[in-house]
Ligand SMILES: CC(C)(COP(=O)(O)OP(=O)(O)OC[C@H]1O[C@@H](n2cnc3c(N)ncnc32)[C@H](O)[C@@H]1OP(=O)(O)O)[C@@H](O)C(=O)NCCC(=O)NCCS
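This document opens with one chain alone, in structure tokens, the form predicted alone.
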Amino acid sequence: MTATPDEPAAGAATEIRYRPMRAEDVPTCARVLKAAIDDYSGRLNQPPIPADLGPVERIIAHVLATDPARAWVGVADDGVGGGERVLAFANAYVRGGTWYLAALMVHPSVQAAHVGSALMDRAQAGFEPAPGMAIPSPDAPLDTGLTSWGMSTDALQPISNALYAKRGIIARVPAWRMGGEVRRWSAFPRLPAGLRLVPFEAVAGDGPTGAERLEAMVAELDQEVLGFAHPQDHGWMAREGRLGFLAVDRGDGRALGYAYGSGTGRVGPVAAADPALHPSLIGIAIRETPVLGPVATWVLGSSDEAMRALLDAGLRYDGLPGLFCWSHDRHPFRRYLPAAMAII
């Protein structure tokens, strides 16, 4: 039995216990996220997040499925029928040598009780740490093999951001959500003559080894741009209905960039060996997946070419910025636009 987190059961215990997240916790975790964000943003006269939590649930479920050892919840007795209610959660994942925190959310009723730190310990370690045990961190990764630690956060959360910074994950670059109608298509030039556009599906459908060749092409580019391949996240993009497109060198056939678009207007992720390709790649994502209405994407403050092209096209900043935090200043966001703050 799990009570709704924003409707605490009468007489419920306040002692928090921690356990691994389970698939049935996902809807409740999404409600914890909404309660936490709406609480602090509402005090700053910001609008609540949408009531439809389906997209949030799908991201939480995806991260859980790919790295369950780093997904944890904080629970309390429900005070009614001997069950429990989820009041906090954290889920992180590892891709290659990079650890990334997708979300850490604590219900307002139990904030300031060190719940966030306890969940962070477990998400960083990937297991229940024994009392006094050293926790892997950017400064002392122990034998984890990790070389980069990252996460996204909200510029409105100075206390949480200080917690992450004390652990060596420093806010490096702002992330803006941009949206609107494309008014000047000239801002998105066609690909240079030496490159050709190839849809993902054209490669995947080209013979019995097409899918493997597509995965290898994308993985090679991801390794160059991000420092790791993440085919599991590309699989999630496909399940979300996003369509991928490659910019392929006409000479050697190597992928020098890719971009995703969708019928809902969402653009991203976008990766480029040379960030000068970002305007062309963004244009491909929008032109090849036309929508009736506005488009939206995340763009980083370090992505000069993408930012200028989007503004020139007529898109505008939507809301307050987020922050991407990284354990070193060699973050990948000069050449990469993420799909979402939780999925890089």
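Treat the numbers as computed from the prediction; the structure is a model and nothing was measured. Start at 1 with the first residue shown and count on from there.
Absent from the display: the form predicted together with this ligand. The rest refers to it.
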Any chance Asn91, Gln124 and Thr144 all have a heavy atom within 4.5 Å of this ligand in the predicted complex? no
Can you pick out, from Ala193, Ala130, Ala140, Ile159, the residue that has a heavy atom within 4.5 Å of this ligand in the predicted complex? Ile159
Picking from Met237, Val115, Ala171, Leu256, the single residue whose non-hydrogen atoms come within 4.5 angstroms of this ligand in the predicted complex is Val115
Name the stretch, out of 221-229, 163-171, 241-249, 259-267, where some heavy atom lies within 4.5 Å of this ligand in the predicted complex. 163-171
Is Tyr317 part of the interface with this ligand in the predicted complex - any heavy atom within 4.5 Å? no
Would you classify Gln111 as touching this ligand in the predicted complex, given a 4.5 Å non-hydrogen atom cut-off? yes
Answer yes if any heavy atom of Ser152 is within 4.5 Å of a heavy atom of this ligand in the predicted complex; otherwise answer no. yes
Taking the shortest heavy atom distance, is Ala76 within 4.5 Å of this ligand in the predicted complex? no
Who in 69-107 is close to this ligand in the predicted complex, meaning a heavy atom within 4.5 Å? Leu104, Met105, Val106
